[in-house]
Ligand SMILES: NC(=O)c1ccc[n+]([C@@H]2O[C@H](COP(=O)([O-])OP(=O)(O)OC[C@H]3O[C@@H](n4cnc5c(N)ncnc54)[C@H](OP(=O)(O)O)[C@@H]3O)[C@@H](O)[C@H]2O)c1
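Starting off, we have a lone chain in the form predicted alone, written out as structure tokens.
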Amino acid sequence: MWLAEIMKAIGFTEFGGPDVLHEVELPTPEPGADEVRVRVLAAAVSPTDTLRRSGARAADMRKEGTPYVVGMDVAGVLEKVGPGTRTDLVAGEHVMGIVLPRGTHGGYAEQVVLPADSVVRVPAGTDDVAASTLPMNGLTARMTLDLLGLRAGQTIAVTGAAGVYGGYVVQLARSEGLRVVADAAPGDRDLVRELGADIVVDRGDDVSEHIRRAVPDGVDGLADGAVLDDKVIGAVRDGGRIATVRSYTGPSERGITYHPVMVREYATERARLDALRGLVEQGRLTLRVAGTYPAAQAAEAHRRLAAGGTRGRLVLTFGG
């Protein structure tokens, strides 16, 4: 009798704190048409992972079956190309990709099958750990600017600018000729300036007031990486736009519109992901790793993320 190959992953069968994470064994997935399989060497840990683990999205996840495996960013070695898949990638190349977790399908695994259009080469000169921090947040930042639709010379405000998503928004905005107003805690002001912010203001629930003092007429668009929701509307001019995460859409006033950023809509935008790779190679996007953990220590990585203060992505590493 033929037996399927087994791989290891980090998953959970019940919702809760970091300690619910544990090693599980799953059948090694096989790529089909238009898919590739990646041997994962690095998987970034994001707030979305902790939300799913905690049960914040339990209603939807219970439809998927257990064990649940999370993780939205991976980098490693392209291991296998599915039959009939058209791609310029070849087995053995180091690649990075975005994962849309569902049930046992997530980035915290030794192998993952992805659409070929969700995978590109890692940036030249970059290792897998650093590369794993780019796909999900980079594409989220890219989608943010696409939704805001600002022109060179206009002004964008970014909250949560010291974070990974916020930092990418700042750098992409600067590369496109936008004037950037960004928030920061006292210890992050130099970092946010280095990322390219033209004006740095104090972070906090009253950030709108600080932004308005810096830009009296209000900014043209705002990317709300700090998830302040309705607290930022005062910073935006009449008719401006706000890009939000976690599906927030607030009450409209003064012709201001909210634009929820749903990165799953960009998960197969391969050209956009490859353009981000190019910006890293040109030195216009900065990959930031806050620390690494062996995959078996995923619970510790989740605890550290929950403690706050990381300025970059924590990354789980899998054996080569």
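Numbering starts at 1 and runs along the sequence shown. Treat the numbers as computed from the prediction; the structure is a model and nothing was measured.
Not on display, but discussed next: the form predicted in complex with the named molecule.
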Note to self: Only one of Gly221, Gly76, Gly106, Gly166 gets a heavy atom within 4.5 Å of the named molecule in the predicted complex. Which one?
What the structure shows: Gly166
Item checked: Selected contact from Thr48, Thr268, Thr28, Thr286, since only one has a non-hydrogen atom within 4.5 angstroms of the named molecule in the predicted complex -> Thr48
Check: Taking heavy atoms and a 4.5 Å cut-off, does Pro83 contact the named molecule in the predicted complex?
Finding: no
Item checked: Ala91 within 4.5 Å of the named molecule in the predicted complex, heavy atoms -> no
Margin query: Residue-level contact is defined here as any heavy atom of the residue lying within 4.5 Å of the named molecule in the predicted complex; does Gly309 satisfy this criterion?
Written below: yes
Note to self: Using a 4.5 angstroms cut-off on non-hydrogen atoms, would Ala214 count as touching the named molecule in the predicted complex?
What the structure shows: no
Check: Heavy atoms within 4.5 Å of the named molecule in the predicted complex: which of the stretches 234-242, 196-204, 120-128, 145-153 has them?
Finding: 196-204
Check: Taking heavy atoms and a 4.5 Å limit, what residues of 117-154 are near the named molecule in the predicted complex?
Finding: Met136, Asn137, Thr140
